[in-house]
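One chain follows as structure tokens, the form predicted on its own.
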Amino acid sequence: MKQIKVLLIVLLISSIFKGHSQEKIWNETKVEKEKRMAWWVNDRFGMFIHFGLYSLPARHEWVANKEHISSEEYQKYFEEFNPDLYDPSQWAHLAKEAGMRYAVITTKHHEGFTLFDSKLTNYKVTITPYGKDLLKEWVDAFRAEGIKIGFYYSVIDWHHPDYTIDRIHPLRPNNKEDYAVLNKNRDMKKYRKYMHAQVEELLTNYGEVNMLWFDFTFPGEHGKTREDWNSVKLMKMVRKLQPNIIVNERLDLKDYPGGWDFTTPEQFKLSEWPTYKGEQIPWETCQTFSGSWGYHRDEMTWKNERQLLVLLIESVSKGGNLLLNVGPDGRGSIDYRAKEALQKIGHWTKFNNRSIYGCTQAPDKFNVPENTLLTYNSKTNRLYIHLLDYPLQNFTLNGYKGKVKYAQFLHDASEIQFTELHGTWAFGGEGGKDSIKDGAINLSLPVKKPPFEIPVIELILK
């Protein structure tokens, strides 16, 4: 009898844990999810904006962490925050001209300062010399340009008195034994209540919000887990308040159906389309122009036009999106280097955006020629070849025989003549060597490269 009781207890505990891992945040079919996310999958390219008090020290948005700055020392930036040149209409116009279809702004970063008029704190933009709800102005301006809006919100808060000190907090101790002493009068339960209420404000006071970008969970010793945020309750509230919203995975709810929509590799390029439980998943890489997200006056490792275009094209070629960051300065202006870069990207996207919007990874049946990236639009049945290295006149595509109806440069719709090869010489092509190829076509390209950093060939398929 005792053994039977033990077995029943084990089965009960097992069922509880199994049920917990399968708990649903909400009910939604696969088709319903695809429909909800369709605009984001189509648009592919967005603007990330890191703006806050850290724009004033101008030496990285983690300046408080890196320099162990207390809230009292950090207060000077709050007292001087007055972005008098802030013009969100200019920001929105710049994003639109660059070809960006959506934008995400830091409503509250780790520093705890809010760009919106939160009723729950005085550590907000409306109490600074600027004195206005900066977020509301931003929302109105970007909506006016037809750009979908997203809110970044950090569940981390280095300013709130009840947020417990952890291993990335500016006040973190050198000795592990000191954490308990420092956190004696701090209460995460009170902070959670505050944080959930702020998210509710964001999703209630600004109309429809298209995307919510949480940041971030960091388990381990002196870290924070999803229990610290009560992520399940938080996400259920999000889904209830904004049922059409798209949410990232940084609340650590991947094992909960409805707990996330897309994954967010940061500051690196993926080698292939990411998967979860054997299935390809929606993804978006967030990237900076340089090494900092917030405005960094002296940071000089800026990416060039080619690198930025490759980030965009390669993301789409693997079924993903690119969220490219700008860090406005303390007066509310976007860095001149970022402006110049966005203008160059805009020149390219104006003439070549058909290879980005609505596109994804090319079917496996299409070989990828050397020094190219492929994207594909299944609705129009068009394949796009991005020429990272411009070929000399003859450009051979192996395995394309019988698949191509018409070929042209995308930027000006000028025809590219091609011939199907029947056991004849294939000039150049893959590897740069002449060889006999079956099932290939040869495109005759002009000697002079088109006036774009990365020209695009559009193939209308049979």
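Residues carry their position along the shown sequence, with the first being 1. Bear in mind the structure is a predicted one, so any value in this text is a computation, not a measurement.
One more form of this protein, predicted together with alpha-D-glucopyranose, exists but is not displayed; see below.
A.B. asks: Is alpha-D-glucopyranose in the model of the complex near all of 273, 314 and 376, within 4.5 Å of a heavy atom of each?
C.D. replies: Contact check failed for every one of 273, 314 and 376.
A.B. asks: Applying a 4.5 Å heavy atom distance criterion, does residue 199 contact alpha-D-glucopyranose in the model of the complex?
C.D. replies: No - in the model of the complex, heavy atoms of residue 199 and alpha-D-glucopyranose never come within 4.5 Å of each other.
A.B. asks: Though only this chain appears here, would residue 116 touch alpha-D-glucopyranose in the model of the complex if you measure heavy atom gaps against 4.5 Å?
C.D. replies: No, residue 116 stays farther than 4.5 Å from alpha-D-glucopyranose in the model of the complex.
A.B. asks: Taking heavy atoms and a 4.5 Å cut-off, does residue 109 contact alpha-D-glucopyranose in the model of the complex?
C.D. replies: Answer yes; at least one heavy atom of residue 109 falls within 4.5 Å of alpha-D-glucopyranose in the model of the complex.
A.B. asks: Check residue 216 for me: does it contact alpha-D-glucopyranose in the model of the complex (non-hydrogen atoms, 4.5 angstroms)?
C.D. replies: Answer yes; at least one heavy atom of residue 216 falls within 4.5 Å of alpha-D-glucopyranose in the model of the complex.
A.B. asks: Among 73, 227, 79, 266, which has any heavy atom within 4.5 Å of alpha-D-glucopyranose in the model of the complex?
C.D. replies: By the 4.5 Å criterion, the partner-contacting residue is 266.
A.B. asks: Consider the chain as shown here, without its partner, and state which of 45, 62, 418, 409 has a heavy atom within 4.5 Å of alpha-D-glucopyranose in the model of the complex.
C.D. replies: Of 45, 62, 418, 409, the residue with a heavy atom within 4.5 Å of alpha-D-glucopyranose in the model of the complex is 62.
A.B. asks: Tell me, please, which stretch of 207 to 215, 331 to 339, 135 to 143, 178 to 186 lies within 4.5 angstroms of alpha-D-glucopyranose in the model of the complex when heavy atoms are compared?
C.D. replies: Flagged stretch: 207 to 215.
A.B. asks: Quick one: which residues from 260 to 299 get a non-hydrogen atom within 4.5 Å of alpha-D-glucopyranose in the model of the complex?
C.D. replies: Read in sequence order, the residues that approach alpha-D-glucopyranose (within 4.5 Å, in the model of the complex) are 266, 286, 293.
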